[in-house]
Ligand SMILES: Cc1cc2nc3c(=O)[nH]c(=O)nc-3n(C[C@H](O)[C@H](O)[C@H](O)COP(=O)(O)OP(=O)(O)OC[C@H]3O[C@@H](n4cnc5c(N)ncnc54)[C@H](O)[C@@H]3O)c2cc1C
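The chain that follows stands alone, in the form predicted on its own, written as structure tokens.
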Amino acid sequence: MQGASISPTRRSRQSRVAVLGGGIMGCCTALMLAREGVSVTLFEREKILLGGASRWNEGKIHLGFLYCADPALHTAKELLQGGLQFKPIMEDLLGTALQHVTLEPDLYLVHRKSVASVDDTRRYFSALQEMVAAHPMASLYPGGEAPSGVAELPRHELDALVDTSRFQAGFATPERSVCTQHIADQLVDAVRAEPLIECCFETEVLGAGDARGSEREALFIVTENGEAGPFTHVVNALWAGRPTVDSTLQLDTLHNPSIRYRLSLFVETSRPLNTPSAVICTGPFGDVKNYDGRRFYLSWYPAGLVYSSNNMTVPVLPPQSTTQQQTIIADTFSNLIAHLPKVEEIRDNAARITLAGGWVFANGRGSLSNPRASVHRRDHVGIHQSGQWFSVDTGKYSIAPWLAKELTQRIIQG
């Protein structure tokens, strides 16, 4: 989807674009359009921007290693280009170097109940690394050079790191992650500083339709506060609620979809720790991210999964009680420590623990413990266009800036 550089045009200055959703996809798109002279109205249901999953996730800059249950690399091919361009696009957008990137590349630890065998994982990682190394943009990935190869951990290193009764093998991969809270704060500041972006907070979008009495401005938005518009273009960058709004224009972009609400732990420690960043794969397990020695992300999938459904109607979930929160925190720590004993030092040195998360939409469904479940594939992502309406399945956090760039090019160039 890479295209030519964008130049402001008379057409762009006459455009008026509605962007639905103030997550990373919506904010990146709004900023890029505004800097090309486009007036943008950004609709957000909450009181703040980037308050949900875009702020509270692990921030993995995907190269595709997580998806070894998709051996044909369909998912990796969709995620790779966006992951490789995440750093330069975000740095250009924010005007500063990318900070709080994980200190070391991710370790992938193959659980004994993994849905992908060790041999299958070896073959997948080898094929993916060849694809990464051959990509012309590989040197753009964090680290300043093409991502290094995959190395299987010697048995003595694996034994020193994990409870080996639970693991078959381990691999050092070149994947890294970024602290999403830090990027969220920077994006919010950038949006606030842009005079061509109007933010409509506490405004839930219910649907859309054709505007009346205007040839150029062809769409309007229906919100709980009334009708807004008309707009020349609309970008539907909502997350879990995106399909419902699309359906009001008879636009269907679904492939066995599901929605989930997940919570994870975001921990700040009282002293620097060298706990490694690791992923327990492949299935319903967990992972650890060490961003800078004192900021950590901890997830244990079964403990943090609050809601899961194949019904696209997004419910209003009751807030977690103090007891429920404490249970999720305790279960996350205990399960991770049982698998990765070094996580105990994070728990013991925790100065602040935040339990947070958000909605997750996937064009895929089924249990992660089922190797044939379509949720193991995330290749039905990208931009769906119907006239001047653009619906974006971001798929993964790391490809949002790249998709925003492509969207901006399409709107500017007509």
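All residue numbers are counted from 1 along the displayed sequence. The structure displayed is predicted, hence computed values, not measured ones.
Omitted from view is the form predicted together with the named molecule, to which the following refers.
**Student:** Of these, 133-141, 317-325, 158-166, 198-206, which stretch puts a heavy atom within 4.5 angstroms of the named molecule in the model of the complex?
**Tutor:** Looking at the partner contacts, the answer comes out as 198-206.
**Student:** Tell me, out of S277, T121, S114, S264, which residue has a non-hydrogen atom within 4.5 angstroms of the named molecule in the model of the complex.
**Tutor:** Contact with the named molecule in the model of the complex is made by S264 alone.
**Student:** Let me know the one among L355, L368, V360, V381 whose heavy atoms come within 4.5 Å of the named molecule in the model of the complex, would you?
**Tutor:** Spelling it out, the residue with a heavy atom inside the cut-off is V360.
**Student:** Would you check, heavy atoms only and a 4.5 Å threshold, whether W56 touches the named molecule in the model of the complex?
**Tutor:** Yes, W56 lies within 4.5 Å of the named molecule in the model of the complex.
**Student:** Does any heavy atom of F220 come within 4.5 Å of a heavy atom of the named molecule in the model of the complex?
**Tutor:** Contact check for F220: no, nothing within 4.5 Å of the named molecule in the model of the complex.
**Student:** Evaluate M25 for contact with the named molecule in the model of the complex, applying a 4.5 angstroms cut-off between non-hydrogen atoms, and reply yes or no.
**Tutor:** Answer yes; at least one heavy atom of M25 falls within 4.5 Å of the named molecule in the model of the complex.
**Student:** Check whether R45 has any heavy atom within 4.5 Å of a heavy atom of the named molecule in the model of the complex, and answer yes or no.
**Tutor:** Looking in the model of the complex, residue contacts with the named molecule include R45, since a heavy atom lies within 4.5 Å.
**Student:** Note that the named molecule is not shown here; using its position in the model of the complex, name the residues of 396-410 with a heavy atom within 4.5 Å of it, in sequence order.
**Tutor:** Those in contact are K396, Y397, S398.
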